[in-house]
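Single chain ahead, written as structure tokens, the form predicted on its own.
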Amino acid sequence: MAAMKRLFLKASPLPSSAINCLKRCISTAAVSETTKSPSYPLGSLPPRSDPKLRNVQWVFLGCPGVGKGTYASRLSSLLAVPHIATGDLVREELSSNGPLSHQLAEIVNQGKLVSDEIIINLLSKRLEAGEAKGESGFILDGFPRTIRQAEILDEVTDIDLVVNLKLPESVLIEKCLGRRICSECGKNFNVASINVKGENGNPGISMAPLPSPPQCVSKLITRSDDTEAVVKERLRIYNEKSQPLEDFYRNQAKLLEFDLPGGIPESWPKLLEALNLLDYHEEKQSAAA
């Protein structure tokens, strides 16, 4: 842990309380040193541990709007581990009118990435709250986004698996521009109807709209940062930084790249299959019936 503290102090003048909280909280959620994942040959993936026997420590990567939150949330419910989305933490801080809200509003509305210092502080607060509730294991969504963040995370815990969700950029833009949020219940919906024909050996992609219930229709709003210019800028910045991060985890034999074949009905069972969780999901469904 001392190495992690040195890394933080060298990289950024972060408050020591945030550093210590991040170390303590992730260490609490992490599995013990004796159960860390061994190394695996480059190009292969570690065998999936039975989620009934241990808590997973996963990271979800993917461009803004790809659906990290949707699938991470579903896996969180299936595996009974917290889904921690830094995007949600930022939006909660924005709506709180706290000390960071004005600074964050300017960053988000310009499509820029939030600084490491702010993200670490928000993540530390969330982990501390989870620690108090006895949470164990996690699925991180939106962190890490840079090599520096990944190195920091490696110093405090051993990530089991990194899932990289992928969609063509044209689909991502259309999907982001179709996002809607109910201003009352806070749930997310999408008005986009996406149909991309397969060509040059690439399969077609079809995504039906995700309609809101009648009581939400009149309350739907668009996120202030879901404009075409901002979405394209977010994708440009993400793509610029994502390749080194993907290589970082690929070299650790922890990266699972998953091309989404469509919407939730098409993608969810295939993702479970890729994660060797399809049988486990069916067992839980049968037990609940």
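Fair warning: this is a prediction, and the values are worked out from it, not measured in the lab. All residue numbers are counted from 1 along the displayed sequence.
Below: the form predicted together with a small molecule, not depicted.
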Contact stretch among 139-147, 163-171, 73-81, 194-202 - heavy atom within 4.5 Å of the small molecule in the predicted bound form: 139-147
Given that the partner is absent here, does Lys254 sit within 4.5 Å of the small molecule in the predicted bound form, heavy atoms only? no
Contact between Arg223 and the small molecule in the predicted bound form at 4.5 Å, heavy atoms? yes
Determine whether any heavy atom of Thr86 comes within 4.5 Å of a heavy atom of the small molecule in the predicted bound form, and answer yes or no. yes
At the 4.5 Å heavy atom threshold, is Val108 in contact with the small molecule in the predicted bound form? yes
Leu210, Ile119, Ile159, Val156 - the one with a heavy atom within 4.5 Å of the small molecule in the predicted bound form: Ile119
Looking at Leu113, Ala129, Cys185, Val217, which has any heavy atom no more than 4.5 Å from the small molecule in the predicted bound form? Leu113
